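A single chain comes next, written as structure tokens; it is the form predicted on its own.
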């Protein structure tokens, strides 16, 4: 059993991670400002130490870090539109938050930081191939630039202070409990309401969708097995167009919704790339595992969840 801090632990990825860590018997502290709500299940929330606070406040971070052997630093401003509208807050949350986390880790002798980075650091580079960790990167947004800064900062801390860390470049994580700032839940919501499924641009842009449980596996295994300072892609290595995603969700939900192409807002330009597929070989060689849940299987899991939720609501209403 370990004492572990998870910043952003009430968010989508963080809440799934916290559930896994508590089920393994760890003592978990969650730090979250709850600006985007709380995705922790009630029984999980009751089994952790929860602190409402901001990673930009050093005293708060210091207080929750004391005694922790491992820190998962996942607190961030998320969502294309939210990031585009709040570039200063986005960068301050990343950069000030990381300094506070790393300073506290060094102060208290924390073994390792696992940091949630992003495939966004690749920007518009290498769009004609699956991207590996050693290609030249091209971060363009405030979010991606701040994530890359923190990767470099962690590398410098390891060299100068000996602080161990792992930066995980997540590729389009999706799963149960994600909100409609992201494309998969937005398409499901539109489909289930029989509204138009709105696709930006021509729908031919591709992404590499990685199921949440595969993502959590990578988080846990890299914490257990990786030493020093490393960066890993966490990608499913399965390239899908956004139009194919929309068609598959339409078919799964049996909706009457039409798929409609709309022009992307100008503020989304830097976030939009024509092609994105990751390579997780480095992760596999380091921990013996990599994401393997197909998009079709992951979407069916989500669809079944919605069906069960609907049945539960009917039972409650009849009761």
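Positions refer to the first chain, counted from 1. Computed from a predicted structure; not experimentally measured.
There is another form of this protein, the form predicted together with a small molecule, and it is not shown here; the text below is about that form.
Q: In the predicted bound form, does residue 99 come within 4.5 Å of the small molecule, counting heavy atoms only?
A: Heavy-atom contact with the small molecule at 4.5 Å: absent for residue 99.
Q: Is residue 172 a contact residue for the small molecule in the predicted bound form, using a 4.5 Å heavy atom cut-off?
A: Flag for residue 172 set to yes.
Q: Considering non-hydrogen atoms and a 4.5 Å limit, does the small molecule approach residue 137 in the predicted bound form?
A: No.
Q: Is residue 187 close enough to the small molecule in the predicted bound form to count, meaning some heavy atom within 4.5 Å?
A: Judged by the heavy-atom cut-off of 4.5 Å, residue 187 is in contact with the small molecule in the predicted bound form.
Q: Of these, 41, 54, 281, 272, which has a heavy atom no more than 4.5 Å from the small molecule in the predicted bound form?
A: Looking at 41, 54, 281, 272 one by one, just 272 meets the 4.5 Å heavy-atom criterion.
Q: Of the residues 181, 247, 158, 124, which one places a heavy atom within 4.5 Å of the small molecule in the predicted bound form?
A: Flagged contact: 181.
Q: Quick check for you: of 104 to 112, 220 to 228, 158 to 166, 200 to 208, which stretch puts a non-hydrogen atom within 4.5 Å of the small molecule in the predicted bound form?
A: Stretch with heavy atoms near the partner: 200 to 208.
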